[in-house]
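Heads up, the chain below is alone and in the form predicted on its own; it's given as C-alpha cells.
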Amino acid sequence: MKIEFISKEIYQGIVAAPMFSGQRHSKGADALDKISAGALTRALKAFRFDGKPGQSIDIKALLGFDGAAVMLVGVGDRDAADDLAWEEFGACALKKVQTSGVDTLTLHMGGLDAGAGARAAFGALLAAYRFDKYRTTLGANKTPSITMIRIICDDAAAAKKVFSPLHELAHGVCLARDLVSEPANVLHPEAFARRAQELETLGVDVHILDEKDMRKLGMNALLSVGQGSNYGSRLAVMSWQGGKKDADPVVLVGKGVCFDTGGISLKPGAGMWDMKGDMGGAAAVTGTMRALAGRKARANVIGIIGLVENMPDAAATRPGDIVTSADGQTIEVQNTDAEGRLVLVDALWYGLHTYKPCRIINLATLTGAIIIALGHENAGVFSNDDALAKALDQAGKASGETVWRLPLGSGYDKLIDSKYADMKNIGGRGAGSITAAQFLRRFVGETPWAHIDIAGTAWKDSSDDPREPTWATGYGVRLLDRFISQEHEGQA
C-alpha cells in the first residue's frame, strides 16, 4: 500500500472528509461542498447523519468533481478528537471502499494538525490488512482494489514525519497478524524461529536455542510441553540495543505454542482449529521487536519467545508427571492443557538470568478464564509492581489496546500447592486466570514483572473496531510499543 502526503487539493479516486458531531464541517468537507455547489449540504439534510464515530454517507456524481465519489465519515466531538479517533476515521473510510474497484482513497485532512493526518493514514493501513495468502478462488469483486492512500493536509512534510514511526508500527502489527493466521503445518516451532531470524535484516540480533541447548540449561518445563511433537522446540531470543549501553534492558517474553491439542489432556475437537493461534503472545513480541527496530527505538529491549507444539504421543508428558524447571523448582503437571505457563517459566528464567532486566513482561493466550472475566474488550494484567501496572494501563488507553488489572495474593497462591512437588500447574475451577498468573509469579523474584493474558484479545470471531480484521488482531504490538516509547524512550 502506497501512502502519500500532499498539501495540494488533488481529488482522485474516492475522497473522504471528516464530519463532526452536530454536522459540524471540517475544512475538507467545506472544500468539497464548495466545488460541488452545496451538494454536500443538501445531502446532509436528506440523510440521518450527525457525525458520530463510524457513521458515513456516500455522495456520487458531484458537479465539478472529477473523482469517483465523495464520502463523509463521522469523527464525533471535534474538541475531543484524539489519535484514536483519527485512526478510526481512516480505518472506517478504508473499510468502506476497500473492494470498490477504485485504486485511490484520498483523505482530506485540511485544517487539522499533522498528527491527525498521520493517524488517519495509520488507521487506514491497519484496516487494509487481509490474510488472503491461501485464497485461490477469490472473485474480483471481493479482491481489494485500493493501492494508494493519499492524505491532503496543510503541512505534508510534518505529517509524513509523524507517520514514519507509525508506518513501522503498522508493519509490526501486520507481522503479528500474519504469524497468528498461519496454519500450524506451515508455522511450526522451527519455522517460527526462522521467521524471527528474518529480523536480523533490520539490525535485531537473533539467537536460537534448540532442544540440546535448552536441555543443558535445565529448561525441562518448556521441553516437557513439546516432547510429543515431531517438531523440535525452540527458544528465540531477539535483542535490540538502541538505548544507552549501560542501561538495563526491558525483557518481553511470549508464549509460542504453535499448536495446542491439549496434549494427553486432549481438548474437544470442536474449535480446536483455532489453536493455531495459541502463539499470539510470541507473535506480539516478535511484531513489537519488528516495530522497535524499524523505527530505531532508543531503548534496550530483549524479546524472548518459547516455541513448542503440544501434541499427544507415546513420548508426551502425562498428567501426574513431575518436571524440574530451569530455576530448580519442581512442578506436578496435573493437566497437560495448562502448558503455556510451563513454557513461560523457563523463558522468564532465561530472560532474568541472562539479561538482569529492569522490567520483565510476558504475554500469553494463557487461559479461557480471562475471556469469561473480561470478554474480548480488555486483556488481563497481573503484576508485582504497581508502577508497572499503571504504566501498562496508560499505554493501553493511549494505544487502543486496553488492559484491566486483576489481583494476586497468598490465598490464590496456596491453590497451586502440590502434595508431591513444589507446585502443580493448575489450581482448580475457581480464579483460573489468577492461579495461572500466581504460578508465574513464583518464578520472577523481586524484578518488576507483569503478565498479560491476551486469550480474549489476540483473536476474535468479529470486531467492532474497524482497525481490526476478523481473527488475528495483532494485539500487544501497539500496547508494548507505546509502553516502551513512554517509559523507556521519554517520548509522549
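Here the structure is a predicted model, which means the values were calculated and not measured. One-based numbering along the sequence shown.
Keep in mind that the form predicted together with a small molecule is missing from the display, and what follows is about it.
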Touches the small molecule in the predicted complex: Asp337 (any heavy atom, 4.5 Å):
yes
Is Thr365 close enough to touch the small molecule in the predicted complex, meaning at least one heavy atom pair within 4.5 Å?
yes
Using the partner position in the predicted complex, report whether Ala455 sits within 4.5 Å of the small molecule, counting heavy atoms only.
yes
Proximity of Trp459 to the small molecule in the predicted complex, heavy atoms at 4.5 Å
yes
Looking at heavy atoms inside 4.5 Å, which stretch does the small molecule contact in the predicted complex, given the options 77 to 85, 365 to 373, 138 to 146, 165 to 173?
365 to 373
Sort through Leu440, Ala43, Ala431, Ile426 and report the residue having a heavy atom within 4.5 Å of the small molecule in the predicted complex.
Ile426
Name the residue from Glu401, Asp278, Glu309, Asp346 that puts a heavy atom within 4.5 Å of the small molecule in the predicted complex.
Asp278
If the criterion is a non-hydrogen atom within 4.5 angstroms, does every one of Asp260, Lys267 and Arg341 touch the small molecule in the predicted complex?
yes
